[in-house]
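Quick setup: one chain, the form predicted on its own, written in structure tokens, and binding and motion questions come after.
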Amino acid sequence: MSDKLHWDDALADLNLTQDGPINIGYLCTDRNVERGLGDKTALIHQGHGGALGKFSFIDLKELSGGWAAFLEDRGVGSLDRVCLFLDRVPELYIGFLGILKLGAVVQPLFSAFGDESLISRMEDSGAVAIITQRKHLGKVRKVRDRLPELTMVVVIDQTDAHKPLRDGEVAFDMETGRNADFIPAATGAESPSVLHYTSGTTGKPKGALHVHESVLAQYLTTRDVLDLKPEDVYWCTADPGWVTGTSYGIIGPWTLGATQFVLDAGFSSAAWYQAMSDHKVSVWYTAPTAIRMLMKDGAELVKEYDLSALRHMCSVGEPLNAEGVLWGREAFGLDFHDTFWQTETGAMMITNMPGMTVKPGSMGKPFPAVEAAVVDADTGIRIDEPNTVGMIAVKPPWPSMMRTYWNNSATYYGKFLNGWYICGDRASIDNDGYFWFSGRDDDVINTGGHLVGPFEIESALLEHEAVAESAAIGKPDPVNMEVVKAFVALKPGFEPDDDMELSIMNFIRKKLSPLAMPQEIEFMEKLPKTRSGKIVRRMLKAKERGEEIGDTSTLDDD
């Protein structure tokens, strides 16, 4: 492979033209049938209890066409936002493609979200429809009155045995709703496609809006970094509620016509290895948190399973520590190839390419079509001195770059400085051009590869009847990188005991999600604040990590 690539190199491979239509849903389904892959297995799905389902590319074409026709018949139109609120069932993956074939905008949501997480994301997007299943219908019903633009709730597993659906709710069976004749919308390169929400330090989660042209970057990085070949069975362990699960759990591999494996079950090392053995997984994309969980069960367990098909492994979502790479060599005889990118970038930016020397603990080098650097945080000027920490920056444009934050263009434009997109992470570059992660430049908590905004947690904490003041930080954790720790000052009349701690934890779990739930709560008389009343998280983080507290001259002394 050449050291230089251009994003447009994907056009010829995908049989696209510079100014012609481009539709991700079509490229992942109909196009594969047209090029003779119709009978090839596209999806191997293993559910709870080991139930297996297999879907060919002809199935993907007809089933996604059925989704598109069903939504269109009920008034969903071009650019309407449609939410997916599903476990990792086949309808999640195939419905995603159907929404894109229609020309609507797909908004994936993590199925463990609670009511407040749903409200904040759906209220902001103005979604007109949500696709869900019976087990999550109660949460949707709880928030419907607060979402006036939500006109339709689609339930995928409604049967006559269930209680009747309510007004605005409709059942849809994907299998009986097949449509082989649906003509995908002739969307353009800049037509909106996917709306993924990401957490920030302040304010509500922000919706990163992507466009159909993003497929050029997702295709090339899947081909060249994940190294997918026609004979591979590929497993991306990420949930499509997160961007990895869509860019590389749906779009990239299916534009290549690859066979994907999906496991919809809880984590266990033995279950993962058994599934990889059973389905002859050859390319594996997973998260450092999962790798560290596997490490806890030891390398010897790996030897009990036939993983001889496995030939390439990559990681994503958070920095992969050197120990993870070294353990991978011991356990699998292969390197984990770390990749760096974000919801906002839509595709990999800094990577460890196949055949490249992997330096354990390094993020790798910029993908050959990407210009990346570390820059000064104040000026945006490139730092050329090796091993000097600066902000990770990428030179726009690239196809999968978000086009805006939904309803929040000011914050979007604030992400750019001196002609660079500023990622919000700090790193240095060594003499060989390898990037080394140094840390976040804000208070966003990276727990298990998922970004959790402290503001969202703090706002929810204040809704608990006993909480007067709150702050949330990331506490270092050997498995999850960070976990949420909350600092709480209680209202008069409430006692800081174990029962109160459990009450607050469960309150956040239900209201937001298990990821946002504090793993530890420290009760305080009062929280450190500036004279203007702003809680100073940096002091709490420094205290937690045994670091210098720094300048306290602006703090309220009362």
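Fair warning: this is a prediction, and the values are worked out from it, not measured in the lab. Counting begins at 1, following the sequence as shown.
Here the subject shifts to the form predicted together with a small molecule, a form of this protein not shown in this document.
Residues T198, P319 and T343 are all found to lie within 4.5 Å of the small molecule in the predicted complex, as judged by heavy atom distances. In the predicted complex, at least one heavy atom of N446 sits within 4.5 Å of a heavy atom of the small molecule. Taking non-hydrogen atoms only, L451 approaches the small molecule to within 4.5 angstroms in the predicted complex.
By the criterion of a heavy atom within 4.5 Å, S191 is excluded from the residues contacting the small molecule in the predicted complex. The small molecule in the predicted complex is not approached by Q107, whose heavy atoms all lie more than 4.5 angstroms from it.
For the small molecule in the predicted complex, the listed stretch (325-333, 161-169, 437-445, 142-150) containing residues with heavy atoms inside 4.5 Å is 437-445. Checked against the small molecule in the predicted complex, the candidates V243, L86, I457, L216 yield a single residue with a heavy atom inside 4.5 Å, and that residue is V243.
The contact with the small molecule in the predicted complex, taken as any heavy atom within 4.5 Å, belongs to T339 out of T222, S400, T339, T132.
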